[in-house]
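Listed next as structure tokens is one chain, alone, in the form predicted alone.
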Amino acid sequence: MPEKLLEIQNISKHFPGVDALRGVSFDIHRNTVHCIVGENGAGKSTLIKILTGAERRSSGSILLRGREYNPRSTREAMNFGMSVLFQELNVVNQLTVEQNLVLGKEKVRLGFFRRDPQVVARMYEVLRSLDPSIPLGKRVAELSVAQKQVIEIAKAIASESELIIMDEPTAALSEEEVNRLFTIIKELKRQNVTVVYISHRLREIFEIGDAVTVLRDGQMIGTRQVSELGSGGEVGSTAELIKMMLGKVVAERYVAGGGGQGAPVLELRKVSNAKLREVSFSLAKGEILGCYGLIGSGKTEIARAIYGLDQKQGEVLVAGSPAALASPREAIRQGIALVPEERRSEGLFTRLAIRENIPLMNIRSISRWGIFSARREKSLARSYIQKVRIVARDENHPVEKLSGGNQQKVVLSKCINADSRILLMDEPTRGIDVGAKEEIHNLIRELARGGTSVIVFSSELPEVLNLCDRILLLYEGRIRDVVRNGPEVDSERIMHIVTGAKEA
């Protein structure tokens, strides 16, 4: 076996109310592709941030080449020979390929930025070896996602990175681009570069991986050699990985509701766009419908298409009548509201108070004869603070100073106040503690019992099993199956479908 490059020893990371990592230990060997898998919330992103200096560990130690490794910034991590390719690539679209390659590599002499000719030559040489078809003079904005990744990889190799971390690198790639990336990864191994590869797509692990580590709920479940697991071509070869990822997942709190009967309040018929492929389903009054899939599956894109944020083809019906839903304004008029995945940047004005946020989607609720009423605004905020149990000093409490769970309750209050009969909830409990999560779940159940129809878009299997009456299973922009929730639901089969290990 190759020698150890990185030794992760008993790493833990504590955030207020959350243990993101607990005693994680495993080794990464030189010139291998070491894969890391786990459900959303397993701790993968936190571990990456610790390795790259974006977060400081709470306890434990890391050895790089046998020596203590404790980077205080991403730049310091790069100086140690470690680079990362995040899903959001760090290229500057307005610059050319050449300008991106040398960005940050300039030297200052006599007050002027100068390029090191040797560094520049090395960059060009590496880029040509990876993909000679990429022209140096082209603006990066005109390149594909895969070509942008090549630029990032070229910069990492030219900077003499020994270890490159790739975080869900194929989420936005076509099949042809994925194959090209795999060829590049194999070339990296030949150039003595070690790759840490994070992915939800288990088939990819078997194609390029040498070893795979499974994380679950912030803990390291185990590391396996991929060759010992099989070829990945059959369901049996992924079964052990899926069991390690899931543990025992049951619908402990699910109680069948009264929804799901009667005429649909919402229908999608063969809705497609750049990400979605002929998505069709219906939603009944009072139903909690789950939309479950992993990163890149198309969950958020379905929510955005319904809410009028993204263009789409196909047909959408609201209460049996065709609805264009070409903008959020039109969706709100049809009684549809969205609790977005990024609540701080997309769902709230964080510098404003609770009372100023709640009426934003329905200004008429705080006006009389078209005139704003401070008294109504105050009364409205107080009623929602009590109704959804927002923990705050009073209605003047700034939203930015609330906990994540209470911020989510403010977003939910804003949507309820918009008189919505259909509620889209994208990752409704991401980044909030266990107690607040259960409160949000109970609020969703109360809304459904009151006749509101809810779609929960989630990458957490326990969440959809505990909440939803039916569950749409998504993989690569398609609905692969629809599962009716209940005691006999097969969580392992669900995971096989959403990871692409098998078709429905």
Partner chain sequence: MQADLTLKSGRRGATLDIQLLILVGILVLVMAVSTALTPRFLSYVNMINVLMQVAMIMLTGSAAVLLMIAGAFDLSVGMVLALTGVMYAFMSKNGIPTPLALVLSILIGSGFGLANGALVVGLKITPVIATLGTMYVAQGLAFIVAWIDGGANVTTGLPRDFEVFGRTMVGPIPLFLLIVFALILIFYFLFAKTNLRKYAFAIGGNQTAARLSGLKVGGVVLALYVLVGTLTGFAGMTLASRMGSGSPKVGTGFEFDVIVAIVLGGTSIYGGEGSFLGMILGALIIGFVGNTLNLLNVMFFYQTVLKGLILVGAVLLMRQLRSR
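Positions refer to the first chain, counted from 1. Everything quoted here is computed from the prediction, not taken from an experiment.
Not pictured, yet referred to below: the form predicted together with its partner chain.
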Each of 351, 366 and 374 within 4.5 Å of its partner chain in the predicted complex, by any heavy atom, yes or no? yes
Does residue 286 reach its partner chain in the predicted complex if we count a contact as any heavy atom within 4.5 Å? no
Could you tell me if residue 298 has a non-hydrogen atom within 4.5 Å of its partner chain in the predicted complex? no
Does any part of residue 404 reach within 4.5 Å of its partner chain in the predicted complex? Heavy atoms only, please. no
Would residue 356 count as touching its partner chain in the predicted complex under a 4.5 Å heavy atom rule? yes
Which one of these stretches, 393-401, 263-271, 123-131, 68-76, sits within 4.5 Å of its partner chain in the predicted complex when only heavy atoms are counted? 393-401
Given that its partner chain is left out here, which of 222, 328, 135, 322 has a heavy atom within 4.5 Å of it in the predicted complex? 328
Option touching its partner chain, based on a heavy atom within 4.5 Å in the predicted complex, out of 318, 309, 416, 211: 309
May I ask you to list the residues of 441-476 that have any heavy atom within 4.5 angstroms of its partner chain in the predicted complex, in sequence order? none
